[in-house]
Structure formats: structure tokens, C-alpha cells
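Only one chain is shown below, in C-alpha cells, and it's the form predicted alone.
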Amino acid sequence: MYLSRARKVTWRWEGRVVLGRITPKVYAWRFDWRTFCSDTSGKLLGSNSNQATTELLDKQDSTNDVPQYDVAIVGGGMVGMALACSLASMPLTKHLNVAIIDSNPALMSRDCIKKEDPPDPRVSTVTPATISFFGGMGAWQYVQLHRHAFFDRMQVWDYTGLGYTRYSARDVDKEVLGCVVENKVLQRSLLSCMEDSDSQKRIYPSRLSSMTLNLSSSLSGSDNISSQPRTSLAKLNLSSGNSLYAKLVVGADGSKSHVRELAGIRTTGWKYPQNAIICTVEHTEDNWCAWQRFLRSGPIALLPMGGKYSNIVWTMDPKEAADRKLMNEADFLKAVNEALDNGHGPRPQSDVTSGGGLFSWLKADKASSANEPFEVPPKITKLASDRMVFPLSLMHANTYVSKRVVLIGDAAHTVHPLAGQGVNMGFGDACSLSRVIAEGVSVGSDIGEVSLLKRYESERKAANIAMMAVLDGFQKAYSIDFGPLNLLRAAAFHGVNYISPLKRNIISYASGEQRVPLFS
């Protein structure tokens, strides 16, 4: 996690032990972000969209030269950058000085995103709530310049063939259920949104080496950022040799969060006995429906990416995943088609003619999708990307906040990917935290105080735990192949398909518009 030439040292300073790293370089950079390079994006970014200016920061020998920020976001991924964009878009917070710390070179990549290139296998299924969040801060307009695929239908079934459920945006009077977007498009869109804002921001292409909280000395000088004393600010030391102070440190640095570790925040969770394979595939016909079939070894999902491209997310035993990753293309495509249709069990029988069986008495209240027959997913004909494998786990931080530290996204929680909710939970965190920070600014509160940050935790922790419980329950329920349980699952499929209020509430919950998947 640290640079290879770094040496580990220990400082004793004012009665506290601070672990850190010393590295030979002491450079950080300020970037004028210009990210899109297509003709279309140039209309939004201006004629100088390919230019980048860099400013070399001198070595900070004096404590008084250490810059001070209102917010330091450690982790410039999608969730961390979404928080920065949200703060930059709100009148109460756009004046805040924001530092983003991330050593990933892709963050500053000038590579073009070409529409003619095959889609990247790393995608996110964003919900209507996330789309609204992006739209509100001005980032969705950049997503629309690139490949993205809305879907308005979803079909879910399992290997027993005993039942299925169809969902439609029409069931809740909406146009779409969600949108599948490549992660690199979301990231680049957020960068472009950030660049076009007039907020004060600086990116440090570096790693966080150490963090010291609760400083007791009163310091002056602020690198033209603030003249207030630095009592009780957090001090961050970076692998580049630079340091900075911040009123609030946001850990957006993923499931192995260094911020969480340095803040001493413990976690609860476990590893699933499953890995997931992801890849991009081509099929014979256009696809605008999301498909998910539960198999004995785990679910397989086929997510539309526009036209004849779709994304595969296939969960299975780790050894099986390793074997399938090494399969030749023909054998892998055969295995995928069997998993999606004619293998592992029979197709469900359509209930349209039978009127719903046990649930026929609900005919008058059926959602429109209950009248739709079972459909066979499109046949996969070609592998359009490399296959990638990653392990699955559930993790939840015992607390999201401590003095001057707050966690968002995967730093606070990780979930099973079976419903594609992980990144949406992170965007929900970013939206909530930015709103709480704005509330604090409006009344003159210290944005790093635990009492303020607890408002964010109380809102997001309950919502995240509820979602985690639902997803973990699904994972466990479908990991058992037992006759009576199979019948119970089939009854659940039929019930959801025909009990209109339940179906509407499930859709609203999955869309991010409702906190608890119960009848309203």
C-alpha cells in the first residue's frame, strides 16, 4: 500500500505515537482537470479541454506552510468524487476548500473514452435515486455523452423452474428501473463536473501515510486558505512527503480503508464462499431488460449495456470461478448460455393462461407486469472483454464517525453484488453527508464535530443495515437446495408477481426511493 522505496518510522510527538512513512520525493500537483476528449464533450468543456496545468508545491519545511482544508477526501473513486461534486454544487458548501488524495494514475488519465470501443466489464447499475443525485449536481449530463443503457424491465427466476417474477417500470408509473453505466464513464463524468465548477479543490496524487487527530497546539498561517487557528484539526501526512490539515477527513478509500484503520474503527463481517466473474458479452439481439437467474452455486445476471452488448455478473464457488476464467471462449459461452436458459433446470411455465394459480383472487389488483409471460434471455454469441474474478464479502463498520473522521462507501460497508446495490449505497452516503455538512455550515457548526456527523450516521447506518440484511438473506436463501425451501421460494416468486402492493414496494425500495421494503 506504500511506495516501495518508503521506510517505516515512528515519531513521538506531544505524547502520541504517530506511525508513518518517509519517502524521497516531496511533490504534489494541482491539476486543472480536463477529462473528455470527444468532439461532443468539447462543447461542454470549451476549446482548451485537453490542457492541464501543474503547479509544483515546494517542500513544506515549516509548520506554518502546511496547507489547511475544510474537507480532505481520501479516495478519489466514484463515491469520493461524488461527494466532492455534491459539495461543489451546493450554495452553502461550494466555498469549502476540498483536498482529494488518491494515488491511482487513472484519476488523471487523459485516455479518450471512445463509443466504438467494446464496453468495459466494470459497470454499475445506478438506480433512479442515484440518477437524480447525479442530475442535481450537474454530473448526469456528462454521462449522457457516453454509452449508457436504461432498462425498464427485469426478470428473476431460479433453477427449479417453479416460478418467476417480472418487474416493469410501468408498475410504479416510472419510465425506467435503472441504468447500466461503465465505471470509467461515471468517474470521468464526475471529474468533468468537478472541473466545470468554480469551487476550490486540489488533488494530491499520493497515498495517506499517517494521520494525527486532536492536535493540541495552536498554529497560525494557512497557505492563503484560512487564518483561523489549527487547534484540534486533523493532520495528514502523505507518501509524497507533503502534509495538510483538515477540519474533516472523509474515508472513501474502499473496503481496505486506511483511514478506517488509522481512526481505529472496527468492522463486523465475513467472507462468502463465492467469487464473481464479470465480463462483457455480445448477443444476437438488442437487450433492454435486466435478467437474473439463481443457480445452486449462486446467481448469474445479464445486464444491458446498449445494443447487442450486455454485462455478465456470475457468482460461483471460487474453484469453479478459477476454472471458468481459464476456459476457452467457446466452452465459456456454452456455460453462460446454459446458466441463463437451458441448463441447471427447466424453464418456468408462464402463468398468464393460468391466471396466477393460488393468487388468481388478486386478479383485479395485479400489476401490469404480472400479465407478461416468461421470456428467454438473448443467446450469447461472443465474449467482448477479458474475464475478471473477484472475491465476495460482507463488511460493516461498527461506527461511521469519530472525531474529524467519517466513512462513506465501501470504507463503511461492502455487500453481495446480487442486486447491484453496493455503489448506490455509497452514492447515498455521499448525498447524505454533503447535506449534513451543508446543515452544519448554515448554523456555523464545526463540520468535524462528532455531534454533527452523527446525523449522517443515524440516517445512513439504518438504511445500509436494512439493505445488507435483505441482500445477505437472499444470498443465504438461495444457497440451500432443499425441497420444501424450493417450494417456499417458488411461492415467493408467485406472490411478488401477483401481489401488486408488495411488488411496487420492492421496486421503490430497490430504486432508492423507500427505506424499508414493506407495505406503505
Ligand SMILES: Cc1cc2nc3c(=O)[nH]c(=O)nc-3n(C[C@H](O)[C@H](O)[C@H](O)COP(=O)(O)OP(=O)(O)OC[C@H]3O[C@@H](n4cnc5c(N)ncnc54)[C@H](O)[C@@H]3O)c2cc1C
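Predicted model only: the values in this text are computed from it and were never measured. Start at 1 and count along the sequence shown; that's the residue number.
Below, we turn to the form predicted together with the named molecule, even though it does not appear here.
Enquirer: For the spot marked by 78, 206 and 254, is every residue within 4.5 Å of the named molecule in the predicted complex through some heavy atom?
Expert: Yes, the whole candidate spot contacts the named molecule.
Enquirer: Which one, 373-381, 142-150, 329-337, 121-129, holds residues whose non-hydrogen atoms are within 4.5 Å of the named molecule in the predicted complex?
Expert: One stretch meets the cut-off, namely 121-129.
Enquirer: Would residue 74 show up as a contact with the named molecule in the predicted complex if we use heavy atoms at 4.5 Å?
Expert: Result yes; residue 74 sits at the interface with the named molecule in the predicted complex.
Enquirer: In the predicted complex, does residue 201 have a heavy atom within 4.5 Å of the named molecule?
Expert: Residue 201: no, not in contact with the named molecule in the predicted complex.
Enquirer: State yes or no: in the predicted complex, is some non-hydrogen atom of residue 191 no more than 4.5 angstroms from a non-hydrogen atom of the named molecule?
Expert: Answer no; every heavy atom of residue 191 is more than 4.5 Å from the named molecule in the predicted complex.
Enquirer: Classify residue 171 as contacting or not contacting the named molecule in the predicted complex by the rule of any non-hydrogen atom within 4.5 angstroms, answering yes or no.
Expert: Outside the cut-off, so no.
Enquirer: Consider the chain as shown here, without its partner, and state which of 242, 292, 165, 424 has a heavy atom within 4.5 Å of the named molecule in the predicted complex.
Expert: Comparing distances to the named molecule in the predicted complex, the residue within 4.5 Å is 424.
Enquirer: Going by heavy atom distances of 4.5 angstroms or less, which of 258, 247, 387, 283 would be at the interface with the named molecule in the predicted complex?
Expert: For this set of options, the contacting one is 258.
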